[in-house]
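Same protein, same chain, two forms; see structure 1 and structure 2 below, as structure tokens.
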Structure 1
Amino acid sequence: MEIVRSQREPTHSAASTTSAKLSFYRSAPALEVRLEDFELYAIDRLRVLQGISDGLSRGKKPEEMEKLVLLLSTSPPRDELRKWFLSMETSLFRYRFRLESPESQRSLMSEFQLPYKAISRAEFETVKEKLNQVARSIGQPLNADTLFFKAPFEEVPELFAGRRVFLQKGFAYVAMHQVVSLVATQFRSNLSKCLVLTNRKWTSTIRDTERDRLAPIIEALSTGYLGPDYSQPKNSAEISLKDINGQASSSFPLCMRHLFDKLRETHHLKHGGRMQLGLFLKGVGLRLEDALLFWKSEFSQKVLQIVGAERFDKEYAYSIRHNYGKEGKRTDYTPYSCQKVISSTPSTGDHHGCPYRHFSEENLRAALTKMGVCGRSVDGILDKVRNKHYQIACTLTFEAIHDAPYDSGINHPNQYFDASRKILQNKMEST
């Protein structure tokens, strides 16, 4: 892996150095790195990526970018990690590409051998009217300096399928902002291929020689980072059964509160809900024995009577123990992050998922009011929801309830819980 050292270059750098700044991963890099550097860069990079993740959930973009290129060989087969990495890197690339000047963007595209050619002034004049028509037809009117590129139609299937570009004699006329999308897609696919290739190299050759040196670092990075994943809850956050009710109403995020309330109300939850809530409680510090008692007592009113103690132990208790890594392949499952919760697909009879995404506006308003959020804040939250900023909406809820700002942005239900406990404890201690 070739690591490029961070260079503090003046911002008006010549176009020739741009390829050093923005790699396009056309081929898997050769491997040459100093171990200590590797760890530093890796942590640095992940911090940047996490920063983006936080920043995006808070609606902000990071100010400073480090010029590091790190390929995580993703030896732990966590698909989620790889997907997250690809998304973040692509966002980073897209952001940085947009920052470049138009000339630099054009030269980057030709350097990366992307098949888009800028069109001349003269050609633009001949197709201007049609380009305008297309722009108006998709509700994205042109302004005076919208740049256009030309590419064979084969290159831009998604764009012409939706009639979002003008086609003439086999060529598509693509506007600048559309190009960025395409470039980003290409970047992502190149990076993905690179990861695969590097992983293959890693598993086939590096493992043996570098196992003792690199492997522990990679493992630690991939499981330890991404922010805490709450699989090993801190003692101070341990929750006991008698506290659970109180803490549910004060410190659970809406998604978990809803599940908890439904469980109390109907004495049953379907599988998706049991997983989401159960793992959350584990992350919060509920011990296995307490968890078993908790679920059993909740289910006793309905399910237990129907299925009987023996079957309950067999099926439900088994799966609770499974979640804690005490059964089967003994994987200690990690509580769901916001990303995972948001991407669930609850259907009839389900209560899991992200309420900001999966509730109707009416239901969401009612739920937030029940939580104690005032009317004006609810409006602000619903506005974010309409724009699909679910995590920002949750953050605003947090801030409204705790009457305190929360700049990091919510990425994980357990993060919400921990932050809430912290504020409440501080309040208690100060009084």
Structure 2
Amino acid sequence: MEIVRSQREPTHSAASTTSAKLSFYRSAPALEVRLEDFELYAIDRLRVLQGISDGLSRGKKPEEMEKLVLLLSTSPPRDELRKWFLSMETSLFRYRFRLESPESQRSLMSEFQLPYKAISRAEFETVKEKLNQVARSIGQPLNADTLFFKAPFEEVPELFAGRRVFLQKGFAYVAMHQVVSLVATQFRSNLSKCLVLTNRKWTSTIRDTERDRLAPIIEALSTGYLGPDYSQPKNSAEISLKDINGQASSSFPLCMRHLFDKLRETHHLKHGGRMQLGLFLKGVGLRLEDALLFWKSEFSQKVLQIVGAERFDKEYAYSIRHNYGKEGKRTDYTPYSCQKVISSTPSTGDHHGCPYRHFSEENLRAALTKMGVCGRSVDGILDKVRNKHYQIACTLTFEAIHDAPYDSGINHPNQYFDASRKILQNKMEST
């Protein structure tokens, strides 16, 4: 990996071990990096943040996610994406800051030039009893070496809301073991400002000059999906027409199961539904010849009577061949990721999109029950939906149906199918 050090002088000492591990994003790194390496770094970082997001959504505590973060780090509308990025980067910073020793934490606070000083012994004695009361209430008794920092109470809202600090005259007395809240607030504020300034510079000058080089990478990274594209079936797997009904029932995710059932029921899908289901079927191994037979067989019961065989071949069959890269620009189109499915906007009469996002709670409960999910599992899924964790809800559905954990999390409908087939195959072989 080729990294060329810039001739610019770094802002902080290169010998500092702490600054090499934690950054406050006060200035751009003093490095020149090859474009392909920049993309790899960005993808690795986003995978770490996605792992943190999934873990937090599933109720894991940050300290429980150490193994997940280590594994991932080696292996939405823009405003929402920016908020998500801020939250996940702050969570990662908190986790890493807590790993530092108290001495390193104080050194970092000094290096980052944070406006907090430890209170004097004289001031400590004047509020000692009050500090003791708070410490006992949260199970953190004071000792003679405990350090406290004084900060405006609005800078530690989580400690203030949880009644975990002593307040006096608008200031909070923050113990050393709580100082991560202070530092994380400053970190988030600083990163937020940097994002705004970077975006302003990007839109005003850089985007146009880097239209053909850097801009496509940035646009691709903002889609939020970093996994395989499933343009080709995994391990040359194929699904035959005679097996498609059984596999739809056992291994299709809800978004595809709903489209498949509607197609069987009405013998027609609008364009959005045909694209979503058709590319999914391509990704699970339905050959072009079988895809043409499948769609023609379904449409023959209704559509062919209206449009005729010639128009079907001209419009519908052409679209199917186009998706397989056999018409037009010969582009090999990829199945939709969860992010793309979730962000779609189905209209009246459409059936594509993400049921976890687009169904009413009543309809979603009925659909889950039809898939074999019931009881507390349904309640847990609906709770995630109410909090807009749609992919976590899909993952919980997968786990309930297959009676098996799936810590990787569902990020793609074809990933759901492959994981399902693997679990079911292992169960068959074991019996």
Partner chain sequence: MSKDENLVEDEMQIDQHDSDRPQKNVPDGFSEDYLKVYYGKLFPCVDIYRWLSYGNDGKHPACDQSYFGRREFSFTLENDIYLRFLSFNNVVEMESSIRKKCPFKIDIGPVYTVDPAKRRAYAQGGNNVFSPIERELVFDIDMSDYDDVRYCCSGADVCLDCWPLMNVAIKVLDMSLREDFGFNHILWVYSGRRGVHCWVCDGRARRLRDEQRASIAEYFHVNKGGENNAKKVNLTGAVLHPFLARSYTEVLKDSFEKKMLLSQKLFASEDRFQKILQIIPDDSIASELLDKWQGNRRSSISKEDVNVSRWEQLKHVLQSGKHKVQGLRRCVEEIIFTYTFPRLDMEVSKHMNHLLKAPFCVHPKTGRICVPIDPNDCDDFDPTTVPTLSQLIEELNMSNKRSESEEDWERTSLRKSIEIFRSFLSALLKSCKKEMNSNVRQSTDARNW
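The term rigid core refers to the most C-alpha atoms you can superpose between the two forms while keeping them within 1.5 Å. Sequence positions of structure 1, starting at 1, serve as the residue numbers. Quick caveat: nothing in here was measured; it's all calculated off a predicted structure.
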Properly assigned, the form predicted on its own goes with structure 2
Does Asn190 move its CA by 2 angstroms or more between structures 1 and 2 when the core is aligned? yes
message: Could you check, with the core superposed, whether the Cα atom of Met176 shifts 2 Å or more between structures 1 and 2?
response: yes
For Leu167, is the C-alpha shift between structures 1 and 2 2 Å or more after core superposition?
yes
Arg96: Cα shift between structures 1 and 2 after core superposition, Å, came to 7.9
